[in-house]
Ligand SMILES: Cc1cc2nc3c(=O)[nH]c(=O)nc-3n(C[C@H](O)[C@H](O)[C@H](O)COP(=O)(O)OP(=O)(O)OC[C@H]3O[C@@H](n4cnc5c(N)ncnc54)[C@H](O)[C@@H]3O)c2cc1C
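Presented as structure tokens, the chain that follows is alone, the form predicted on its own.
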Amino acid sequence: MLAAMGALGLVPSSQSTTYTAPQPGDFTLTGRSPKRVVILGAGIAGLAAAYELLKAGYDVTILEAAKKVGGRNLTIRGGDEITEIGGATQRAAFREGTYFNAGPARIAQWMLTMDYCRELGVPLEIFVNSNADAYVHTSGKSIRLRTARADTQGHLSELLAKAANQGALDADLTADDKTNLLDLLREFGQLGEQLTYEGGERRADPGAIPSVGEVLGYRIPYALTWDLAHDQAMPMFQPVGGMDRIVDALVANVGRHRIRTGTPATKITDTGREVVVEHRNGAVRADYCVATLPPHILARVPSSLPQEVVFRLGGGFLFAGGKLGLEYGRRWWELDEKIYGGTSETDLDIGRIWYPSHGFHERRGLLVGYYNLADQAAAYDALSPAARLERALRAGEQVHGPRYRKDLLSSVSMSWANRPHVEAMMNVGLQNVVEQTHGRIYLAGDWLTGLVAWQAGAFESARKAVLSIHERALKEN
């Protein structure tokens, strides 16, 4: 996924910090009512747009197609019911205090999401994104991440040291460069006096050191580097008690009376003087509309948007994605394997296993039994929830052995491709392809930014829409 997003120019490196929210004093309508804005979608983009507009006195109404607000920011708790497009229904049987972040689950420290958590008073805790004591499972073997990294760095360093000593790099290195390189490789690869790799304290594994051929045969080299990416590097954070605490805080500030759930838009018309959004129970008239629906779903809603725009909205790349929450009565990963948080990367179709970053040493706990994307996710999407569970348990046993089935209390699988009103985990390829403003209709969503599938992208796009509306409203009055 990262390779695909990198090729498309979507891997982020920074986020704008220049936004100044419209203030009540900026927006004065002498003798007139506040401008009305209808927002389609109560996900993070829609809620953030409403939150910012309300600061400046706008009259805001949110229409949400689903019965639950939050969009892909979905935390599942005991008693929650999940019904898929095909009719498959699951009812979460999690015990009190157990929750499953079926959508976003981590926040990089430089993202706008952190600023909103601070402003909204959402408490945070560390999310253990990478753990050297978790596993890399490849070619049928589970290897501690620290050991896999030590062996890879050691063998590569030895090879490079040999090449340097044999003169293969003389055309590229001065004598001082060569000395510095060998000094670096001794430390980087833990090489011995003869510049050979013989293992070391970084491995924390008494087993035999694999050959260079075995190490080069690892089928998931990204497992050694993914957590170095700017958007994945530690420390990372999560809201205390579940990712939906962000949704709860936004809703509390927006006001539930402004949100109409179970109300999908059936038609969007920009008359030039106002926007009319029709739904099954009537219509909402407003001065402006902010549409935060997933672009492929917005493309299916009859509207006054230009046909070229509608065509582009439906032309992005849809990435399937899935997660499985496994609640255990015993935290065996901590007790038996000494794994406290982090991720085990695998070459299996489960993709990866996540261990919880909260509730350490409690009796029960929930780990993510798979988090997969694209073709791997599609293979699970086609199965019933029971079949997904069985397939994932068989794969998990390859990583952790028979204990993976023991003490299992309950499970819930999330197929984002089968989620009504969402139908995909992410839309890729539309940044700089679709304009954000179309008459009185404004678009917002992570897919418009360089932070696809991150809440920070949703916040960023919402702020841009709000500023555009505000600048226009001031001119029109």
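Note that the structure is a prediction, hence the values are computed from the model and not measured. Each residue number is its position in the shown sequence, starting from 1.
In what follows, reference is made to the form predicted in complex with the ligand, a form of this protein that is not presented.
The stretch from 191-199, 117-125, 256-264, 80-88 that comes within 4.5 Å of the ligand in the model of the complex, counting heavy atoms only, is 256-264.
Though the ligand is absent from this view, in the model of the complex it lies within 4.5 Å of a heavy atom of just one residue from V368, L305, I297, L112, which is I297.
Screening G316, G396, P356, P104 for any heavy atom within 4.5 Å of the ligand in the model of the complex leaves a single hit, P104. Although the partner is absent here, A56 is not a contact residue: none of its heavy atoms lies within 4.5 angstroms of the ligand in the model of the complex.
The ligand is not drawn, but in the model of the complex it has no heavy atom within 4.5 Å of Q15. Shown alone here, A458 lies within 4.5 Å of the ligand in the model of the complex, counting heavy atoms only. For V434, no non-hydrogen atom is located within 4.5 Å of the ligand in the model of the complex, even though that partner is not displayed. Contacts between 38-71 and the ligand, taken as any heavy atom within 4.5 Å in the model of the complex, involve L40, G41, A42, G43, I44, A45, G46, L63, E64, A65, A66, G70, G71.
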